[in-house]
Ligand code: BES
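So this first bit is one chain, no partners, the form predicted alone, shown in structure tokens.
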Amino acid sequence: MEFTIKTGTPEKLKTGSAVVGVFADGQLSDAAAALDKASKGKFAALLGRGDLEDKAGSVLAIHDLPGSACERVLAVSLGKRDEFGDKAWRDALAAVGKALAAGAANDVAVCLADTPVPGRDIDWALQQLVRAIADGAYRFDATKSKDKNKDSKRRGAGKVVLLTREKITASMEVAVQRGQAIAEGMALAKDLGNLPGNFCTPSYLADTAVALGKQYKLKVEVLDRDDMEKLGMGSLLSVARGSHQPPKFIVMHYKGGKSKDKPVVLVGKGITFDTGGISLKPGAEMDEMKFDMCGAASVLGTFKALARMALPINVVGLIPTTENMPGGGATKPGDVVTSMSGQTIEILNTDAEGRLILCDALTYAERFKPVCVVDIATLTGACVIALGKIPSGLLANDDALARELLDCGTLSGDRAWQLPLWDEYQELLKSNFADMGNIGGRFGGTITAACFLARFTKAYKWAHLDIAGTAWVSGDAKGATGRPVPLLAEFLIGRSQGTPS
């Protein structure tokens, strides 16, 4: 999809579709008012018939509007004027993205960025707008049979003009570019998440990282089983024992900052399929455990966005990746393993495997002397019970870092919610036979999982994002969401601009 930004009004623009916003009380945006004036009141009269619902995100297509050079006008409701804010704006953008992706017009003009969102500027609006439209066009068909007539049946916008009355500035151009870069990163994360486990193996993730490295001139290292054994990653390797697929440990380097600048380290959980191991999961919905590598996918997607945005910052990506299978060599409940840090772990439940691969990656992160570390993992079903599927869970050993991530979540619309990481919870991880158990009982599962990880992060500022509820959706719309790429991208944008650490 190609995006350009121009100054102008929609009534004289010859295009397949023009998108304008209207409020539930009949108040027209400037672009909609221009169309109404050109049509001598016909546009407002058509809206007055009540075919456009008041709810933000409702869309009405009007064909051959008098006085307009557009083939069709898409009017999108922005909801009630006095309730207009971030949510209504995003609801409208999501609806526009879907409508343009399903529509017949290849070239479209979107005239929404001028509509003031309380507390936001036009740069923010443009970035959100581009991301939403590009994300709305996402389709996954990699594992479907190929239709020879596919190209002839293609629908949806290919060229999008973002029309504004304002003079185009350099920051507006950057906002458009960033919105598209983030959408491309989300698309990569979605593709990886949506691929089945027999396609997206640890080796496939490693190959994807290597290909990204070649495309964007990133340094990429892939450590194999022997390398991990030499490093003493006994915790990670204990998860891999039941699988025929070889584990991989992926290290990615983006060097956009000064050589002396300490990097941000992103760590993504890469369980490409999770059966639960010997502590086997129930069969219902187990197919969705192909999404258990969405933390890894989000790191890869964020690196793509990062490279496309060319941010002046240093970032390291770490992806421990393996399957969790109940093979003859699989780790058993009651086994004790030694992590890279030297701490021993009693495996009380083999389905609590994500923390076992992450802890070695978090120890490995120390060598980079990071300014901070953020890990991203589909870690606990308890997080879904606690928070639902709206925010990601956030826990951190540094309150300033946590606040920074929370603010970036609000800014991007990819929100998180902080849970406590108090020392009192550490008592639940006691073991009679090792330094710790890998689970802490039935209560506070998201918190005790983070408490486990916290034992490996004492050397730096660290935050943990539990994305078990936000990485994918179920039901008819089943698929990966691409989250939290928008949050992470916003975080790195802020850091590259000198956000205090």
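Residue indices: 1-based, along the sequence shown. All figures in this text were calculated on a predicted structure; none of them were measured in a lab.
Although not depicted, the form predicted in complex with this ligand is the subject of the following passage.
Enquirer: Within a 4.5 Å heavy atom cut-off, is residue 174 in contact with this ligand in the predicted complex?
Expert: Contact with this ligand, no.
Enquirer: Does residue 331 reach this ligand in the predicted complex if we count a contact as any heavy atom within 4.5 Å?
Expert: Output for residue 331 is no: heavy atoms all beyond 4.5 Å of this ligand.
Enquirer: Contact with this ligand in the predicted complex for residue 439, defined as at least one heavy atom pair within 4.5 Å: yes or no?
Expert: Yes, residue 439 sits close enough to this ligand in the predicted complex that at least one of its heavy atoms falls within 4.5 Å.
Enquirer: Whether residue 131 contacts this ligand in the predicted complex should be assessed with a 4.5 Å heavy atom distance threshold; does it?
Expert: Residue 131 lies outside the contact set for this ligand.
Enquirer: Under a 4.5 angstroms heavy atom criterion, identify the one residue in 323, 353, 375, 360 near this ligand in the predicted complex.
Expert: Contact residue from the list: 353.
Enquirer: State the residue from 327, 381, 158, 256 whose non-hydrogen atoms include one within 4.5 Å of this ligand in the predicted complex.
Expert: By the 4.5 Å criterion, the partner-contacting residue is 381.
Enquirer: Can you work out whether this ligand is within 4.5 angstroms of a heavy atom in all three of 269, 274 and 349 in the predicted complex?
Expert: Yes: 269, 274 and 349 each sit within 4.5 Å of this ligand in the predicted complex.
Enquirer: Taking the partner as it appears in the predicted complex, which of 381-389, 203-211, 339-347, 162-170 has residues with heavy atoms within 4.5 Å of this ligand?
Expert: It is 381-389 that comes within 4.5 Å of the partner.
Enquirer: Mind listing which residues of 272-291 have a heavy atom within 4.5 Å of this ligand in the predicted complex?
Expert: Those in contact are 274, 281, 289.
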